[in-house]
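Before any questions on how it binds or moves, here is one chain, the form predicted on its own, in structure tokens.
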Amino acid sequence: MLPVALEKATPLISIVTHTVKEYVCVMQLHGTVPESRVEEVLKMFVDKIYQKPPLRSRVKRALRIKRVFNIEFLEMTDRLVLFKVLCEAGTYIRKICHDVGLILGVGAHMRELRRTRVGPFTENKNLVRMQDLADAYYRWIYEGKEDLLRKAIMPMEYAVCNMPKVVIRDSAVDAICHGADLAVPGIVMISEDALTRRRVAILTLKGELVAVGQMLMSVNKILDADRGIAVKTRRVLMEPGTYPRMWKSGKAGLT
């Protein structure tokens, strides 16, 4: 599973790749261990764990804390163990396999790995093979039908479906498109989980993605305030001029 973005949606890739990921892994043990013991040790790696990236990695080999949300033991045949991992971005599954082998006392290494989820994109719902995409493109060009292409290429709003949302007034949209920060008067609705300093998706009343921003105020403070900058605009995704300009030149945030 490798999400690919097109045109204006390209900046969303850096956001999606830093969300939760799911893997299916085949781990090979270097010795014989009871199945119950393997399952017991795998459960030890659920929650926050310490990891130092392997020698062959693109990041600095410094001790880090990563979050493993769930490890599901699937099956075991001889010395091959099949399991599924749901974890924070940046977690090395091969390092987990190595550490499991150390605890078991027999050693282990990662034999196969398949990524089945990146953020909201899953292998079961969103996976499109290159051949499928080529067929969809051919159908669009030579038959004039977009049905297959629309299944392969999803709206960019899907990439932020798991993020907290801030819905804004139509009068605030074009100011945000020009890079202004979002002020309290421009907000119509806001998710309860939009915590301070957390990344949020800024949407129009029609559900169109305008930008991605960072919360500067708590939800309760926004509800009680009449003015002030509530969200710092980080990534603008909607083209300026899509909505009519209803703001005057001045300080950023006058939306």
Partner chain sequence: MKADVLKEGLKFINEINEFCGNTARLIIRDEAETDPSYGCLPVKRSMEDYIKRGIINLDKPPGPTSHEVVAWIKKMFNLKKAGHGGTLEPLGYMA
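Rigid core (definition): largest C-alpha set, two forms, superposition within 1.5 Å. If you're wondering where the values come from, they're calculated on a predicted model, not measured in any experiment. Residue numbers count along the first chain shown, from 1.
Note that the form predicted together with the partner chain isn't included here; everything after this is about it.
At the 4.5 Å threshold, heavy atoms of Met130 reach the partner chain in the predicted complex.
A residue is said to contact a partner when one of its heavy atoms sits within 4.5 Å of a partner heavy atom; Val219 meets this definition for the partner chain in the predicted complex. Though the partner is left out of this view, Gly207 does reach within 4.5 Å of the partner chain in the predicted complex, counting heavy atoms only. Taking the partner from the other structure, the partner chain in the predicted complex has a heavy atom within 4.5 Å of a heavy atom of Arg56. Only one segment in the set 174 to 182, 73 to 81, 116 to 124, 100 to 108 has any non-hydrogen atom within 4.5 angstroms of the partner chain in the predicted complex, and it is 116 to 124. Screening Val38, Ile229, Ile187, Val68 for any heavy atom within 4.5 Å of the partner chain in the predicted complex leaves a single hit, Ile187.
Of all the residues from 141 to 159, those having a non-hydrogen atom no more than 4.5 Å from the partner chain in the predicted complex are Glu146, Leu149, Arg150, Ala152, Ile153, Met154, Pro155, Met156, Glu157, Tyr158, Ala159. The Cα shift for His30 between the shown form and the other one, taken after rigid core superposition, is smaller than 2 angstroms. Relative to the superposed core, Val81 undergoes a Cα shift smaller than 2 Å between the shown form and the other one. After superposing the rigid core, the C-alpha of Asp135 moves by less than 2 Å between the shown form and the other one.
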